[in-house]
Structure formats: structure tokens, C-alpha cells
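Here we start with a single chain on its own, the form predicted alone, put down as C-alpha cells.
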Amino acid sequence: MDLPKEYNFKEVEKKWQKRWGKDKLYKFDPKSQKKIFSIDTPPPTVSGNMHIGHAFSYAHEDFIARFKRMNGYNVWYPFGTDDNGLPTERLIEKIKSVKAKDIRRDEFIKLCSKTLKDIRPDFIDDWIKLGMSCDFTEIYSTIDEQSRKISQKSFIDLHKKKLIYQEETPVSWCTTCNTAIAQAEFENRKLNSHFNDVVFLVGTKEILISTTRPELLPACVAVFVNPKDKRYNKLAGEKAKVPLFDYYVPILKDERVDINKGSGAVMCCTFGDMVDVEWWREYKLPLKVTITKDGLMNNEAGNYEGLTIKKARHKIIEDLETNGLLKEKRQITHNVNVHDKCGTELEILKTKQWYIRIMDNKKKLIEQGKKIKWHPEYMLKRYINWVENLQWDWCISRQRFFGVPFPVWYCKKCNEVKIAEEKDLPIDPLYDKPKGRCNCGCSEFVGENDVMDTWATSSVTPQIVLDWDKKGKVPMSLRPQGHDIIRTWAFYTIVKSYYHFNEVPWKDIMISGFVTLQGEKMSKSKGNVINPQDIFEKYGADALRFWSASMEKEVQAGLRTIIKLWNASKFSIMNLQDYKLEKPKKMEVIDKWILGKLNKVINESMEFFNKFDYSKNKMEVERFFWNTFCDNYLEIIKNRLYGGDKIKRLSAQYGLYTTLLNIMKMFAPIMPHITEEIWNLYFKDKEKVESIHTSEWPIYDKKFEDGNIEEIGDKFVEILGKIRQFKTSNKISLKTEVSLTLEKKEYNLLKEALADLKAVANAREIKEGKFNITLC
């Protein structure tokens, strides 16, 4: 069958996406005896359309899934959506014009679940359009019943092992989202501010305190100086008067004070930063809370009560200046921790939260990370750096509405914690009642209001997709993910797997970087974001996948390769109509040469893919296809394909069929649609396999290694290049007849290939002598 003249990617891609789904081509077979390759697929958040970062990274993992499937693995490649986080909560509130706090939690969860069910198909459609070979027959959500059950089971297991505890302690708090957050949710931003030199009085002596947060003056509980700072030796042990608020705090010594920063004297507030927390604990200082959970000043702030933090800062600076208590105000830029979800500057408030123990096991968790193969390898260092620099245990409770509830009640009489039984999961303690009585005999309980951090659920995605051991055990084969969530998703999943099973969650972890455009990171703020939906429409999914495999600056390169592959296949198939898969008894040198070159690429391709280096694989296959196959081999064999000696034609057909077949297979993981279309139109009947994506990956054959043949072929191509250059320089057609003289060594080397050289160069004669090309 001849291929159509033009390749219509819109029709072809849509056709195969529909067919793959209908035929359930990528469905996992639990009864298969094949070796399993399992992928812990990142569940994207249902909060809009697929963005270019999604397309970029999800294409990468799909390359590996398709490669492993063609290598005979039973690929378990589930798809899920991350639906229990704050972005989803906000999305539902916007879509349905409701506020989560105004309705019952179970009703809000039902509303979210129904809304997500309605919008999820359109959201997932972009992943189908990308050509993802996930098993879309089994889609999970991180808020569905199964995920809630597994997440609550994880909590109960860790609670039994005493790896979870509850404590009222200082914790990072977002005053916009009104919830505690973990260290992994910090984002470091450079913000403009002022360094203010504020006057504290010690008797009649002035002492300057340099601060960027004068609004915390009413929360000041001590002044600290360095014991090595001679300026303040006599003041240690005295009391300082807090300006504007007229109360006294002790002056204490501590080596953590930086002598060279500001005035060298600092105020300790409860709480400005984690050093304040450390001092508060170590020196048993009083607790003065001046900021409410929603970011307003409370009654401890006196005249500033009810003001927002920023307004209070501005007003206190004004009042300090008016009273002569502000010596200097310097403009600075400094790093500030903000909430990664909303950009709000973080506060530290003392609240009651649930924690998973991390700090006691940092070394062990680093060792767990080292047991996993990281791709690229240097990403392991990022993991290690993160764990080494952790300062607190993992706070897993959130003061939100749409999330996985803690399976916990509190006794009304003695406040003892009662944990749900595993067989009853999932439960919501606000509406489900516990069985039995408290140890104190009371039968009345109050359910926990807080829900779990979304990462507390995302960290058990291996257990969710494996149904906590029913489909298979950890470690799974592969975790693909972005570099920016090593500190969250990768780390927390390693923590949970180690604590639950004393095992790593995956054998390999493949990290994607960020998307660049002309060497610059894409971002909304820079206005250089490309929408994948526009690329699907203009260039097609295969072109986008091709770009993501190579980090090309332009996606057009992918479309050019697709068109070239289509046209090369058209030419090849036209000349293979009568080919019966017969291997010639005698092969021409150039056909042996192309098969030798092909086998080198097959070997390299297998090696690169096994290292998850899809970019180098794509580069080598692309180079071989364009340069070796199209520019040279197809041109060299045309004369033999068009007629003449049947044996020589058969040799060309064998080389052509074998090479194109294997090029197609090596391109298939990256460009699945066009390769499937060409396979269906020609190779399917020849190879007796329904889909190229379930065909066998090219096999490296050592017998094609022949240094002599490779030398002949490479010299052939070198001389052909000189002839082409000669004709181009002389501005004559490549079909113009020439006379060619070769050096004796070259002539003898190419003796068996002279007929092909004569034909492709359109040479009237080839003789021995001093190298020369002349017009006839």
C-alpha cells in the first residue's frame, strides 16, 4: 500500500488516540508472566489545562514506558489526579460560588468530588492528546475512597510505631490560607524592606536594636548580645525598656548573635524567626503572641490592634520617628520565606499540630536516598542537601476543609486520643462515631477538625496504585518527577516507604528540569509561556514530544523530522511493494555498511534508554536517520532499486526494509502517532504484530560489526560528499555527468562498491590516479 501524499497529523493523531483507548492497548495485564515495569506516575492537579511544563515532563516518562513495553515488560502505568490540595479547594469555591467554611465538610467533599468528576475528563484529555500510554482504564484521585483509606492507614501505622505525635508548638503559618505549613512549602523570595535602628533604653543609656520587623515590638521578650561583643559586656543582665510599649525585657548573652550585623544587638520576639523559637525554648522566655491566625494585630499590640501586619509596621515606624526612637532607616533587599501556594510572608505561631518524626532519622533517610538510582545522578545531591538542612519535623496537619481527615477522635471527658480501626477506613471523625469507650469510661467523643497535608497522601502514591501490596510490592520500578518537588514528593515518599516497609519506594528516580525557550526559563511573569494546546493544533503532539526529548529551541524541528520520516517511508514502501522479507544470498558492500551503522545506533539507543537518557537517544537516532539513511543510503541505492540486477536489487531492499523498520521502532517512543500510522499502512502485515508499540525493540546483532566494511562505506560517503561539493561550487546540477579519478589506495578500497559510486555520482568513468573530479 502506498502512503498518502501528505501526512495529516490532526487526523492521524486523533485516530490513534481513539483506537489505543478502544483497544486498551496499554492496559496492564495482572495475569501476564512478563516481568513488570511499574511507574509511580505524577498525579497532576485538576486546576485548569495542561501547561507546557506538564507536556515536557510527562512526555519524558512516556518515552520510558513505551521503550520498556517494546522490551517485553508488562508495564504498569496508572494515571491519577491530585485533588485534595488547596488549589482544588479554591477552584471548586470559584466554580460553585461557595465557601468551604460555610458548609459541612462532608457536603463540601461531596460537592468537590462531583465537580471534579464532571471536569476531570476534559482535563485528562490533554494527556491523551499528548499520546500518553498510561492505563487510562484505571484512574485514581488523591481524594477518592481508596486514597483516603490508604492515607488514613498510613497515619494509623505510623502512630502505632510512635513515629507520629501531636504537639502545641511554634509552627510556620500562612495568614492568607489560614493554615500551618511544612518547611517544604516555603519559597524563598527577595523582597524590598528597611533595616530600622530602634532605640531601647537601659536606664538612661540608649541601645540600638536593628530590625526589619518593628511590628513585632509588642512581642519582644528579650534582647540578645554576643558575649564576645565588648560594647555590651556591662549591659548583660540588665533590663531594656521596649519603645512605645513601656515594658522591660532582660538582656541576655548568646553566641548566635552576629556581632557585625546591624548594631550587634537583637530583639527576641515570639516569634520572628526560628532563632527566636530556639531562644524561647532554651531560655524559657515568656510567650507574647501579637498576631492572629488571619494576619491581624491582637490586643497585645495595644493601639495597633486590628491593623494588618504591614499597616502596623508602617504605623509603628511613624510613631518611632515622631518620638525620636528611630535613629536610622536603611533600604535593603533580603530573602523572606513565603508560602509557595499564595506568596504570603510566613509567620510563626504556636498552635497544636500533628507531626511525623524526621529529625531523629535524617542520616537514615539520606542512606535511603542513596539506595535509589538518580537520573541525572547529581540530583541526589539536591536530595541530600535538603535532608541535611531540615530544621523541623514534618507538620502534616492543615486547617483546611477539602482534604483527607485524620482518623482521630478526642474523649470529651479526658481529651485522650482515640484512633480509628483499620477495618472501618475511610472515615470522617466529624460525622462517623468511634466504637467502644475511652479508657476513662466516657463514650462521648469529638472528631478532629484538621485534615492532612496533601503531601501526606501524595507520599503514598505507590501504596495507592498498588492497593498497599495487592498488585505488587515496593519498590516500584520508576518515579518520574520534577526537580522542584524533590524536597516534597520524592522526600516524603522515601520517608513513608522507609517507615512503613523499611524499603525504598522505587529502584530509579528520573528528574525533569524546567522548560526553556531560547535558553530562558518559561514563566508567566516573563510572558514567554507556550501553551501545549496551541502546539497540538499547529504542529501536533509528535512534534511537541520530539522537542521535549531534545530541548530544541523550536518545535518546528520536530515537524520537519515528521515530514521527512513520512516522505522517506513513502519512497521506501514504493520500492518494497514486491519485497517478500527474503534475505539475499549475497549482499552488496553498501547494504552491509548501512546495517553495520544501524546496529551501532541500536546498541547506543538501548544503552541510552536504559540510563533514562532519552535526549541522547533521540539525538543519535535523528542524526542517523537524516544523515546516514536519507542523505546518503537512500540516494546510493536508488539505481539498484529502480531496476537492473535482481540480486543487487534484493540486497538493497533487504537493507532498506531492515533499516527503516528499526528506525521506526527507535522513533516510536518519542513520536508514537506517525510511527503507528506507517506501521499500520505497511509493516503490520509484514511483521504480524498489531501495533508498533507492542512490537519487539530492535536487537543488536554483533555479526554486523565489520571494521573493513565500515571503512569502505565511510570512505564512499566521504568521496560522495566531495563530488556533491564540487557540483555545488560549480553551480551545476547534481545529475551532471562527471569523470572521477581516485588514488590507488581509495580505488582498491572501494573496488566492490564502485558500481554504486558510479551510479550515485553520475560518473561516466572512475579510474585510478591522482584524485580529481572533472566535467565530462
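Not measured: the values here are computed from a predicted model. Sequential numbering from 1, following the sequence displayed. By rigid core we mean the largest C-alpha set that fits within 1.5 Å across both forms.
The protein also exists as the form predicted in complex with the RNA; that form is not presented, and the subsequent description refers to it.
Proximity to the RNA in the predicted bound form holds for none of 355, 410 and 656, with the criterion being a heavy atom within 4.5 Å. Mapping the unseen interface onto this chain, residue 94 falls outside it, with no heavy atom inside 4.5 Å of the RNA in the predicted bound form. Although the partner is absent here, residue 721 is a contact residue: one of its heavy atoms lies within 4.5 angstroms of the RNA in the predicted bound form.
For residue 5, a non-hydrogen atom is located within 4.5 Å of the RNA in the predicted bound form, even though that partner is not displayed. In the predicted bound form, at least one heavy atom of residue 183 sits within 4.5 Å of the RNA. With the partner removed from view, the residue among 289, 119, 139, 336 that has a non-hydrogen atom within 4.5 Å of the RNA in the predicted bound form turns out to be 336. Scanning 476, 150, 621, 209 against the RNA in the predicted bound form with a 4.5 Å heavy atom cut-off leaves one residue, 209. Stretch-level contact analysis of 128-136, 328-336, 447-455, 85-93 against the RNA in the predicted bound form, using heavy atoms and a 4.5 Å limit, identifies 328-336. For the stretch 564-584, the set of residues having any non-hydrogen atom within 4.5 angstroms of the RNA in the predicted bound form comprises 564, 567, 568, 570, 571, 574, in sequence order.
After superposition on the rigid core, displacement of the C-alpha of residue 213 between this form and the one not shown amounts to 2 Å or more.
A displacement of 2 angstroms or greater separates the C-alpha positions of residue 259 between this form and the one not shown, with the rigid core held in common. Fitting the two forms on the rigid core leaves the C-alpha of residue 607 displaced by under 2 angstroms between this form and the one not shown.
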